[in-house]
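The form predicted on its own is given below as one chain in structure tokens.
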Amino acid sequence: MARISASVYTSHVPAIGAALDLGKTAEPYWQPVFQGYDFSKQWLKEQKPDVIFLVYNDHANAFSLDLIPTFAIGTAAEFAVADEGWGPRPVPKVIGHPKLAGHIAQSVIQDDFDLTIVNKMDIDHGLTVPLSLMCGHPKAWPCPVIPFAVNVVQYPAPSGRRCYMLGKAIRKAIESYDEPLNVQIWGTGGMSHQLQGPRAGLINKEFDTDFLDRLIADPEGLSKMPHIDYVREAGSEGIELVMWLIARGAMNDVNGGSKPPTVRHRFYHVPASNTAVGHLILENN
């Protein structure tokens, strides 16, 4: 049977993608950011996942404001890189896993979560930047990726509790798949940031640090945080952090396991463009 071996959490700042693509990673401003992922690159090579289930948000590339699914699972065989206004990023296309994605959709929908099934969509920096941070510049990504898009762009966004419980349902679906796959689940977006209005440029290091602490030690309690707290403390775009709760809800310890996950890596840096960068790797025990 398939199993989830680990969860990965990371910001997906678009300027990070630009810095990678333009060869700026060694510049004094960017070097500390990318050094924070040196361990992670080696870790991923050693772990060799068969599939990555990657939770992210689209930035009006696959979905416009005319059509906004709350939860959308990509079931295609491959996904092209979106042109976000300055041409597609020079990264490999994403190879999907239609069979597992279809199985997850079937299971999760039968578990009373409404998913939008997407058979064709382009993927943007929300998905490609995390892959670049963890993989560098490969000719092809190391394994198939199942894109899972969450609406955190247009209110109403799903609650943290809903996301956390969805993670549990995704775990159940993966574990019922009849093939011995090593699956990782990634939660991306955040951390604290605001892109517009009087508070543009807001970064709340205290909130971010506390969020990471609670994500590790008290995800159940963290899942109950209301939207207003995210917006007040982490800025209007801080709501992206609810996507991390999907990945955390899929871990062993909150699904009957007796041991907490092992924290393999934790990293936090301010600033990267106009936001804070957070990163965490948890391994199941």
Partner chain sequence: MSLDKPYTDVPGTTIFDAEMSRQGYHLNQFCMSLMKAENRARFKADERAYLDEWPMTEDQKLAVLARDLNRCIALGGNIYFLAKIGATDGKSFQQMAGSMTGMSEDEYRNMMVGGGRSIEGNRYIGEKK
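Numbering follows the first chain given and starts at 1. On a predicted model such as this, the values are computed, not experimentally measured, just so you know.
Unshown form predicted in complex with the partner chain; subsequent notes refer to it.
Peer 1: Since exactly one of N204, T116, S107, S159 fits, which has a heavy atom within 4.5 Å of the partner chain in the predicted bound form?
Peer 2: Only one option qualifies, and that one is N204.
Peer 1: Identify, from the list L212, M165, M121, V153, the residue with a heavy atom within 4.5 Å of the partner chain in the predicted bound form.
Peer 2: Exactly one listed residue reaches within 4.5 Å, namely V153.
Peer 1: Check, residue by residue, if S7, K99 and N285 all come within 4.5 Å of the partner chain in the predicted bound form, counting heavy atoms only.
Peer 2: Checked in the predicted bound form: no contact with the partner chain for any of the three.
Peer 1: Just to confirm the contact call: exactly one of 251-259, 52-60, 217-225, 33-41 touches the partner chain in the predicted bound form at a 4.5 Å heavy atom cutoff, so which is it?
Peer 2: Of the options given, it is 52-60.
Peer 1: May I ask you to check whether D66 falls inside a 4.5 Å heavy atom distance of the partner chain in the predicted bound form?
Peer 2: Looking in the predicted bound form, residue contacts with the partner chain include D66, since a heavy atom lies within 4.5 Å.
Peer 1: Determine whether any heavy atom of R199 comes within 4.5 Å of a heavy atom of the partner chain in the predicted bound form, and answer yes or no.
Peer 2: Yes, R199 sits close enough to the partner chain in the predicted bound form that at least one of its heavy atoms falls within 4.5 Å.
Peer 1: Does S273 make contact with the partner chain in the predicted bound form, using a 4.5 Å heavy atom cut-off?
Peer 2: Within the cut-off, so yes.
Peer 1: Is there a heavy atom of S236 lying 4.5 Å or less from a heavy atom of the partner chain in the predicted bound form?
Peer 2: Answer yes; at least one heavy atom of S236 falls within 4.5 Å of the partner chain in the predicted bound form.
Peer 1: For a quick check, can you give me the residues of 84-107 that have a heavy atom within 4.5 Å of the partner chain in the predicted bound form?
Peer 2: Stretch hits, in order: E84, G85, W86, G87.
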